[in-house]
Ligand code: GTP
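Here we start with a single chain on its own, the form predicted alone, put down as structure tokens.
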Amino acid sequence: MADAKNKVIVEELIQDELKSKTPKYNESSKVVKMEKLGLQDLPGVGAATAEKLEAAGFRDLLSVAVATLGELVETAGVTEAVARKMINAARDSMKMGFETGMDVLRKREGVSKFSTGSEAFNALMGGGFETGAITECFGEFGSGKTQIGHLLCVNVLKDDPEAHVVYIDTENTFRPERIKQFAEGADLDVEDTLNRIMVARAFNSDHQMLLAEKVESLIAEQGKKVRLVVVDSLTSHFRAEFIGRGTLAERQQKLNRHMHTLSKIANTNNICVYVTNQVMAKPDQFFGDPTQAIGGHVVAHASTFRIYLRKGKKGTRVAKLIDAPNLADGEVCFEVQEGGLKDIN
């Protein structure tokens, strides 16, 4: 009896020891395990397919989870059925289902806001320009769109000494001399500030879209901590290349893809995306301001915040917030000076 009892005790001790060394596969640990999966763990993905996906920019499960069927079919050379299985498996592993409003509120705590230098402008924007969102500023020439883009670059780099900025220049408007003025006004080292701004000149709409897609490779491959992406201006090349009503549908579809790429960059990497936009005058509007942004509803719906900039009296500028998901409409007046933006009392 004693031997049998001792045997039971020994077996219980062994079981306890095994349990202590075995990880507990609760719901949270399952997520951790799933997140460590690679591309080759997806159904229908072998070494060759994984290499094609990585070459096309799909380097993790999240990039596959948010991809479309057409993108995977074209880049990986798989059938639509296999592409659907890949996307579903990636989404299941990332737990991309419904979540509570409280969960979303907690995620929103990670959103940063970058200052414009103007207290009134910051108040209008609920504290500044948000990360994880696209902010569009449209207005006529000389209304301050590019100045705000330059100033945001400096303020982002001032807030985070490890941050980098991507500036996609489509109109040859980026001026390092202006960055130098803003940096000196913010007591920053000019050389370090300019070295942390990655500038690329886009020569046509295809080149512009390609540069936007390369932002994720800067983050993944080169390890750059990108906090701001500036596109100045968004619609310049699209407006020049697609002329006439016959090309309008093609232009809008292409512009829509570009906006979705920028939105994906903002959401997946918690980056502030600032785009400037050109305007036109509506000839059939006899009352009110005839100024209208280029890009139509495609740009309007894709932008999280929309700001209309116009010239004021005596060299001042007026910023009017016309669309925001959580802020009231309003407008503020400011001046663009050598050291930054100044409030008008």
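For every residue, the number given is its place in the sequence shown, counted from 1. In this text the structure is predicted, and so the values were computed from the model without any measurement.
We do not show the form predicted in complex with ligand GTP, though everything after this point is about it.
Quiz item: Taking Ser143, Thr146 and Gln181 as the candidate spot, are all three within 4.5 angstroms of ligand GTP in the predicted bound form by heavy atoms?
Solution: Yes.
Quiz item: Just one stretch in 78-86, 116-124, 135-143, 198-206 has heavy atoms within 4.5 Å of ligand GTP in the predicted bound form, so which one is it?
Solution: Among the listed stretches, the partner-contacting one is 135-143.
Practice problem: Scan Asp159, Glu99, Glu171, Asp92 and let me know which has any heavy atom within 4.5 Å of ligand GTP in the predicted bound form. | Solution: Exactly one listed residue reaches within 4.5 Å, namely Glu171.
Exercise. Consider Ala324 of the chain shown here, and say whether it contacts ligand GTP in the predicted bound form, taking contact as heavy atoms within 4.5 Å.
Key: Although ligand GTP is absent here, Ala324 would stay clear of it in the predicted bound form, with no heavy atoms inside 4.5 Å.
Practice problem: Report whether the minimum heavy atom distance between Val336 and ligand GTP in the predicted bound form is within 4.5 Å. | Solution: Answer yes; at least one heavy atom of Val336 falls within 4.5 Å of ligand GTP in the predicted bound form.
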